[in-house]
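Just one chain follows, in the form predicted on its own, and it is written as structure tokens.
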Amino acid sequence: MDTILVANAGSSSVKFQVFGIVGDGSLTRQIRGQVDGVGSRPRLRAVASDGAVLVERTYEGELVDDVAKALATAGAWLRDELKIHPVAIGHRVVHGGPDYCGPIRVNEVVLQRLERYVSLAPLHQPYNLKPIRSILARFPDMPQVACFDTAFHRGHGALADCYAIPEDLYAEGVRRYGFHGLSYEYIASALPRIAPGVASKRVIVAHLGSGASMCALRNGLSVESTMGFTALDGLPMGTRPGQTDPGVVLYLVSEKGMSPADVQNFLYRECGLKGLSGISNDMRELEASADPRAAFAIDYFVYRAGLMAGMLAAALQGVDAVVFTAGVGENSARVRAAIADKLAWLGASLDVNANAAHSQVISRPDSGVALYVLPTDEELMIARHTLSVVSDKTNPQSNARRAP
């Protein structure tokens, strides 16, 4: 069976999955795995679709000291021991900039364009691209497809897309992109099957994890997002502040003497839940803590989520359903309950028992807004896009869809 390898590279780990291509063109998940502890105590672990452990192996730190070597390690295991030779590799790439509003097969020109957006997503973009460049150098004939977190939002209207700045900056690409698009795209694709009654209506999706954002869907399409030019805007996150007055940045530079690099490091790594609590960027640790600073950080996160939901409801002119997804959204009954309470004015009514049980539907039958908990599946979306691109024999670059 032909297979597609999906890679999601971070700063110290590479998550990967293998999907088989069935005869009818559908995909079946075969393997999911991860190389973590890159540069310190690297470990390769993978399980089959039934949960059986296929490998659990550690390496010397210097042997796997960057994400490119991590993916090469996983690839060598798949190729040499499982005899899996993927027909293509799909990669999550956070920022597509103004150039790309759809998945595209990567070549040297595409890669150079994508490297221009490293400063717009420093926690993700450099690590997303490094394995692509390594594979391109070692296996130039292997099809690699970049799938963008920004792409799903690129159909926004001009009013949602622009900042109130001179037009020449918009032409350069300074605009509101939105992120977590692969997650939102998956939820939009799953709703017709899971919740057909609301799939074509007004839906707010809350992707709540270490990175967090919210998206307004109408007829399954993104019309507004809480994130903008970079993944700093909107909700507070694990280490990122969310919506912040730009004057704060000016203050950090002019009054605190911080360099642009210092400010970037501060905003991406020292703020959010970590900065508010002084304890941790992990919601699980904050929920387990008795420290009042932890409680304040959680309350702040919930408060801002409520505000952002109101903004998105205004963009939709009402709301019919709210979907919670990603790590916190799928697993924290406490956070879901607190946010649902903030949505009561919109007509939301939580079923406390269903929420505690992490049920798929957590709203009461008489709720004016349906509340759902749906696991996201960004890897499946990447596999679907990759298959679509490599299956287009007439024009392998047809899915580039260069944006205006």
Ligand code: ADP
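What you see is a predicted model; the values in this text were computed from it and never measured. All residue numbers refer to positions in the sequence shown, first residue = 1.
If you look for the form predicted in complex with adenosine-5'-diphosphate (ADP), you will not find it shown, but the lines that follow are about it.
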The stretch from 243-251, 323-331, 168-176, 228-236 that lies within 4.5 Å of adenosine-5'-diphosphate (ADP) in the predicted bound form, judged by heavy atoms, is 323-331
Exercise for the section: Would you please decide whether Ser200 lies within 4.5 angstroms of adenosine-5'-diphosphate (ADP) in the predicted bound form, comparing each non-hydrogen atom pair? Expected result: no
Quiz item: Asn281: heavy atom within 4.5 Å of adenosine-5'-diphosphate (ADP) in the predicted bound form?
Solution: yes
Q: Indicate whether Ser134 is a 4.5 Å heavy atom neighbour of adenosine-5'-diphosphate (ADP) in the predicted bound form.
A: no
Examine Pro98 and determine whether its closest non-hydrogen atom to adenosine-5'-diphosphate (ADP) in the predicted bound form is within 4.5 angstroms.
-> no
In the predicted bound form, the residue from Gly75, Pro86, Gly211, Gly102 with a non-hydrogen atom within 4.5 Å of adenosine-5'-diphosphate (ADP) is Gly211
Interface check vs adenosine-5'-diphosphate (ADP) in the predicted bound form: of Glu115, Asp291, Glu287, Glu270, the one with a heavy atom inside 4.5 Å is Glu287
